[in-house]
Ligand SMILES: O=c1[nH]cc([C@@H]2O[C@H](COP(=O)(O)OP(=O)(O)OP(=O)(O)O)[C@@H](O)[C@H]2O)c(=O)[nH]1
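Presented as structure tokens, the chain that follows is alone, the form predicted on its own.
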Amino acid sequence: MVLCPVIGKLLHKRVVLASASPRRQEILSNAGLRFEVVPSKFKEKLDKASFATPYGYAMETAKQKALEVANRMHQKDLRTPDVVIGADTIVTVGGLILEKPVDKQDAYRMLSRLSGREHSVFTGVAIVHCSSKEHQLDTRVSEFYEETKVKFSELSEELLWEYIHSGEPMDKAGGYGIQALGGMLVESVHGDFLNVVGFPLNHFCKQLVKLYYPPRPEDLRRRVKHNSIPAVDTFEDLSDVEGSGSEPAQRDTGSCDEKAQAGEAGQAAAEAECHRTQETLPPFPTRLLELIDGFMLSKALFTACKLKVFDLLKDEAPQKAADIASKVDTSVCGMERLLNICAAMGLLEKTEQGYSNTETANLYLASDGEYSLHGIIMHKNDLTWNLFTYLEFAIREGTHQHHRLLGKKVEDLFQDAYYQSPETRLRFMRAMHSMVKLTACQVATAFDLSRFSSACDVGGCTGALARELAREYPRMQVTVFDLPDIIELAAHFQPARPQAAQIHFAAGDFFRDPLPSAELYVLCRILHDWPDDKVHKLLSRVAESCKPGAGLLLVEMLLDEEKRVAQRALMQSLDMLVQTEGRERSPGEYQCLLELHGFHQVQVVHLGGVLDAILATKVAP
């Protein structure tokens, strides 16, 4: 039985659900929808940090799932589907996105975060209408998201592990299933329960109404809300033409005869109203508005870090805005507004007792954390923010903008801009340290490097990657090679670790001085800083230092080959235009560069975070 007439609009279409989730299948089947199940093969490795909101990530994942199925079926099937439905459900708490746990320990970490707290469950849904014209697939995408607030009770260790050992958490976002055993963990639900199960059926029906039934004049006169599911009698005078494909039906809005009888003025008003309802209103530009205001959110985060707000609240009891303001010497009203937006962004928690850090803030925003991003944030606040005010000039001229920022000609980019004083040099090093530290473990384990007994990290700055290589490969001796001023300050970043004996620091200029001998050379975030001529010069110098069989490990942010998907890398490439003489490259471009200098057997690993890794081997000429 079809309970909602809008579901009936899909009865004579080929509908495909791009999901293997039995929960989504059950929800849609119970609603009377007939569909095929074709699980998506889209690899869910989108960079979460590139999305301004968690639901933006969920919606994009859902869209990519549906589009992958649509394209695959169009290529391999005799008949293109009419509609493909994609969905992605995520759980967020304290600014972190929790998807499916990878093992029991991961499930324990997730559920411990949820214990006694309220969290949000977001489901992004994409409805892809497909048609085939001259054997080419044409798609029209409608997408939306639903949010439900769920609060857990305080979980005892015994209950938590009992639930984990049941096996239920392992295939569920956030590590629990509310419709089964996980329901015993839930204290309250605010919003759509089915959304937490895996699919927001009510919102899905409302979206179908918008697609297939634009509002009629009489609907507007009755003040029927556009986002509500109309009553059955609303559809009685509508026809649904068989074989119309995937295009949403357009209704006949009727004539304006009755209103025309009221006089010339009434007729003009009626015609205007009818004309208005004949047009399908565009979707509200939520994502676009978020992009427009995104720079303000960034600056709010930068300011909170510069004022050391997250340092003040780290591992402390909640504090009032007035107390925080007095400690950092700001106005109370200004601090309260800053704290409120940080709470809205998921960086702080706000309660009646005051403001406190989320786990994200403790881990990444407090300046003394092991994985703190405070260094890169200060670099972007103090330098990148100001340079980007000259973005238009950079695009017109095709060159960096330090001369405008400094008010003088820049002869040596790094010495004049980044290393002009000990303070600016240390700021740059902190920025590089925080970025490399975040991904050093992934880089060190991306490939099996155990065959190399020595490595040289060219331009290795603080030695963050060198320490991770030494930790992972106890037989490897690692030399950090960088400018004398950098080597002198690198001592600020050297913790007392057992691997210290494996790491050595050597001073020199990699464009002029001989490179230390090694079996593996590492260039981490080096090549993207330089124009092509200097890139060829550096690779040539590395190749001359290599014996056959030696390795070269590149660590960079990779563009996709078409330069249209990897948003963070594309943004970084634009950043390079403003800040340096370099650019980001695709795997194919790097392979061409490496092979030109005698490096072959090129392997690429996408690390799933900020950076990617490429390993190549020097062959005999």
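In this text, the rigid core denotes the largest set of C-alpha atoms whose superposition between the two forms falls within 1.5 Å. Note that residue numbering follows the sequence shown and begins at 1. Treat the numbers as computed from the prediction; the structure is a model and nothing was measured.
Missing here is the form predicted in complex with this ligand; even so, the following discussion is about that form.
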{"item": "Open or blocked: site for this ligand, pose in the model of the complex superimposed, 2.4 Å backbone/C-beta cut-off, 3-atom minimum", "value": "open"}
{"item": "Partner-facing stretch of 431-439, 547-555, 137-145, 171-179, counted where any non-hydrogen atom is within 4.5 angstroms of this ligand in the model of the complex", "value": "171-179"}
{"item": "Interface membership of residue 457, this ligand in the model of the complex, 4.5 Å heavy atom rule", "value": "no"}
{"item": "Partner contact for residue 44 in the model of the complex: this ligand, 4.5 angstroms, heavy atom", "value": "yes"}
{"item": "Residue 375, heavy atom within 4.5 angstroms of this ligand in the model of the complex", "value": "no"}
{"item": "Contact test in the model of the complex: residue 9 vs this ligand, heavy atoms, 4.5 Å", "value": "no"}
{"item": "Of 129, 350, 100, 72, the one that lies within 4.5 Å of this ligand in the model of the complex (heavy atoms)", "value": "100"}
{"item": "The unique member of 522, 466, 196, 365 whose heavy atoms fall within 4.5 Å of this ligand in the model of the complex", "value": "196"}
{"item": "Contacts with this ligand in the model of the complex, stretch 12-38 (heavy atom within 4.5 Å)", "value": "18, 19, 20, 21, 23, 24"}
{"item": "Flag for residue 196, CA shift 2 Å or larger between the shown form and the other one after aligning core", "value": "yes"}
{"item": "Post core alignment: residue 346 C-alpha displaced by 2 Å or more between the shown form and the other one", "value": "no"}
{"item": "Rigid core fit then residue 549 CA moved by 2 Å or more between the shown form and the other one", "value": "no"}
{"item": "Relative Cα spacing, residue 377 and residue 45, in the model of the complex - shift of 3 Å or more", "value": "farther"}
